[in-house]
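What follows is one chain in structure tokens, specifically the form predicted alone.
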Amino acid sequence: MSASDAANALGCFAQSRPLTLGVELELQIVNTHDYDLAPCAEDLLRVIKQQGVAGDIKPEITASMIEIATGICADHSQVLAELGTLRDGLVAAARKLNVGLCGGGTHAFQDWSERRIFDTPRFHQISELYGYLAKQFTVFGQHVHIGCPGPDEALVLLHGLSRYIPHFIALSASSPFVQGHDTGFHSARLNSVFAFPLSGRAPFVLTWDEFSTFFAKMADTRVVASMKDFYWDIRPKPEYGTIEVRVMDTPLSIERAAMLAAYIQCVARYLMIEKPFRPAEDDYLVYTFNRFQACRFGLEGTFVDPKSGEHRTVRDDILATLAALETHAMELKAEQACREARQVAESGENDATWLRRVLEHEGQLPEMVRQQCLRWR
């Protein structure tokens, strides 16, 4: 790829209003007989179109997934309102087809080999390239976009937010079960994402010129053709003028999803305004360890402070961060969301904990998925 082609493929970093929000959620489509995944995305999209359901609703890589996305939102209440409208329209359409919808980072007992690739050229291209990994990618995540004042500021924010990745994983974790078994993880979904060669963290560059040089080198190898080929935990999204945080499991309710988005927005404002530390490449020495601990042990995982080396739990680091965010939560009208985050951290009960408790009580995975559907409504 020539230098000019690479520059065109990367594109200019668009203008966006700083600290605006956008939320994407990938959802499970299940049948209402045994609550296994149902390949009904195409039918669901047809009914949605017939009923004139408003909003951004589109297919994902396999036919048992559907994705919803808000528009550009100012604050927590707007995110919650837009997700509520999308949920209500989607649930009504699903009822017409007698299928269910639910959150959760994995389906508890689906067989990946039974999944069907949704019929688009890009999804088939991914399937040809990655083989069985494409079907195993039937996992469900929440992505949050944060508006940035410029491209250099976006990269500084990206690397600053990387310190808080364990927070986002532990608060959202909702994927303890895979292929019918308890994995022992709070978030097993990210193990599926990590199988992709272009996953993990973004390269440590702090200016858009440096990032453009990196992208041009990668494009020249013909390993990547666009930013969509990177499956990083956080990646810049130049066409929107945002960074995109991608590590969260889809929560079991829109309320939890809106809370997570508002918490990320507050941390971003804290980093932009107070600049409590300058990101450094050595911050990543503990990144993979912290990430694993949050996936495996959730809020009780060990968090190693990348600057001081101090060890504490993810829960304690979240609570300390929430104390530092109070002013920012007020400015962003996110006090309620931060109270909910505090309640989750103090109680130690994320969605993974709730799923395990339901299974322990009911004894059947299909009944647990049925209750996931009820919780999504």
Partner chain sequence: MNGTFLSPLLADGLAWFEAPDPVILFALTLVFAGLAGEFVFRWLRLPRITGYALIGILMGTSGLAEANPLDSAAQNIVTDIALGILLFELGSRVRLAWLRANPWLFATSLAEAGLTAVAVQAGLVWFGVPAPAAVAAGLIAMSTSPAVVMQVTAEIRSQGQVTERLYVLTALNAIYAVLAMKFLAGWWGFDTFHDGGRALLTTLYLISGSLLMAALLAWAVHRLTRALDLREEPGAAVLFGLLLLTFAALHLLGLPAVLAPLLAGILLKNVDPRPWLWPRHFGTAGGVLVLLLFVLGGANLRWEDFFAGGLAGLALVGVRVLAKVVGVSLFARPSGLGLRQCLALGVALSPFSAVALALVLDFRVSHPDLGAALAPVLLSAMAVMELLGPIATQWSLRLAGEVRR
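The structure presented is a predicted model; accordingly, all values stated were derived computationally and were not measured. Numbering follows the first chain given and starts at 1.
Keep in mind the form predicted in complex with the partner chain is missing from the figure; the text below concerns it.
Contact between residue 288 and the partner chain in the predicted bound form is not found at the 4.5 Å heavy atom cutoff.
Contact between residue 313 and the partner chain in the predicted bound form is not found at the 4.5 Å heavy atom cutoff. The partner chain in the predicted bound form comes within 4.5 Å of a heavy atom belonging to residue 367.
For residue 31, a non-hydrogen atom is located within 4.5 Å of the partner chain in the predicted bound form, even though that partner is not displayed. Across the proposed site, 47, 98 and 114 without exception bring a heavy atom within 4.5 Å of the partner chain in the predicted bound form. Residue in contact with the partner chain in the predicted bound form (any heavy atom within 4.5 Å), chosen from 334, 345, 68, 37: 37. From the list 39-47, 318-326, 336-344, 304-312, the contact stretch for the partner chain in the predicted bound form under a 4.5 Å heavy atom rule is 39-47.
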